[in-house]
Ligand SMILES: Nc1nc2c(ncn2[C@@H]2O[C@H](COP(=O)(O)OP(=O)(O)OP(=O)(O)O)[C@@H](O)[C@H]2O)c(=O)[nH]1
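In the form predicted on its own, a lone chain appears below as structure tokens.
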């Protein structure tokens, strides 16, 4: 699919950009670009902050071979290479996590951070030819923006048809009713009118926002900038919406349909395509964070929608194995990690089931996309572990529990938490047979009988070492993620 998103002119510009970047890196240390994405609240900001904090502060990473063997001498932050891209505000996010014990703000736009690692190669041959330094350029961007990329392969009529088809699904019909009611009153062939266009765009955006709420947890919500407009807020490129009953053939000049088509194409040209060309095509490695917990909370309709979104996201990457000559003009993503986040919300006995659920979610995407030459791994993890495990007696039963401080306002069984009190919670078990989660009929019945509910916790209070220094952020399988994503470059 990714090849259909660009023209020959686009590919030529991508090749020139890649060659310029490769040429400049010949005189410095080797570098790789790691893309970090996921839909909102999947934990992108937390993942990057925890990754950097553990490497800089010597965190426990037993499955990250270069750290385990003592071959990393230091890790430190450097000035990022892209002056036009906002810096990922690592220090602010760590202050929020460690000092204030609040989760940092979600990703709202693209940002970047350069982490440099000094290491010793594991082999004599490697020590002879390796510089012993690797720079990892971490690129953080919203998954909602990635969901815009399929629009590059669709004209306005296809966009409208897909939008109305999605809006009519049972899980969305009630949320989209007001927008569809407004749209049905509009004559696409009527004269273009700015206030009509604005009313339609606002109604369509309100529908998308309603889909995004926690209790709905829907994921496939293009155009992504409608939810995260940034400095484009109010611009004509974001003042369009799908229309029903389009005129056959070419739209009449000066009509509302012609206006909407023009703005839709402007959105693709000036917003979506530059993001793809300047950022996605420059990635070497990619991690996609998936908040399956939120979808499971919302029910089988949300799970099906998450699967649809993940399929579209993975189909937009440019996977493949890099070779020396082709690498000068074209980057390929040769490793993709799909990580189920917030594993600390479950007892470890359910981690394999969570991982199996996300693997099932990704299966269709992996089958549809051409991932030849790229390694794909699925992992259940928590970049920051907010809970610890324990057991409680209930009658004759001993129940496995997780212990942490629920966020203020979280509720279980009618009890509302104050955000200060540590509590032991039995999180429940994910089903042994995960097929019921993906069968919307069976899944809906099961959700009604025994809904899966997870609460959100505050970041943990960090322990201190003998000298009184705070230890690094605790995690679940962050070391495995690091080993897969960059371990081979430190061999």
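Numbering follows the first chain given and starts at 1. Just so we're clear, the structure is a prediction, and the values are computed from it rather than from any experiment.
Note that the form predicted together with the named molecule isn't included here; everything after this is about it.
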Note: the named molecule not shown here; in the model of the complex, the stretch from 103 to 111, 393 to 401, 412 to 420, 150 to 158 having heavy atoms within 4.5 Å of it is 103 to 111
Practice item. Find out whether any non-hydrogen atom of residue 242 is located within 4.5 angstroms of the named molecule in the model of the complex, and reply yes or no. Key: no
message: residue 141 versus the named molecule, in the model of the complex: is there a non-hydrogen atom within 4.5 Å?
response: yes
Touches the named molecule in the model of the complex: residue 345 (any heavy atom, 4.5 Å) = yes
Residue-level contact is defined here as any heavy atom of the residue lying within 4.5 Å of the named molecule in the model of the complex; does residue 31 satisfy this criterion?
no
Picking from 357, 382, 333, 217, the single residue whose non-hydrogen atoms come within 4.5 angstroms of the named molecule in the model of the complex is 382
Across 36 to 55, the residues having a non-hydrogen atom within 4.5 Å of the named molecule in the model of the complex turn out to be 39, 40, 41, 42, 43, 44, 45, 46
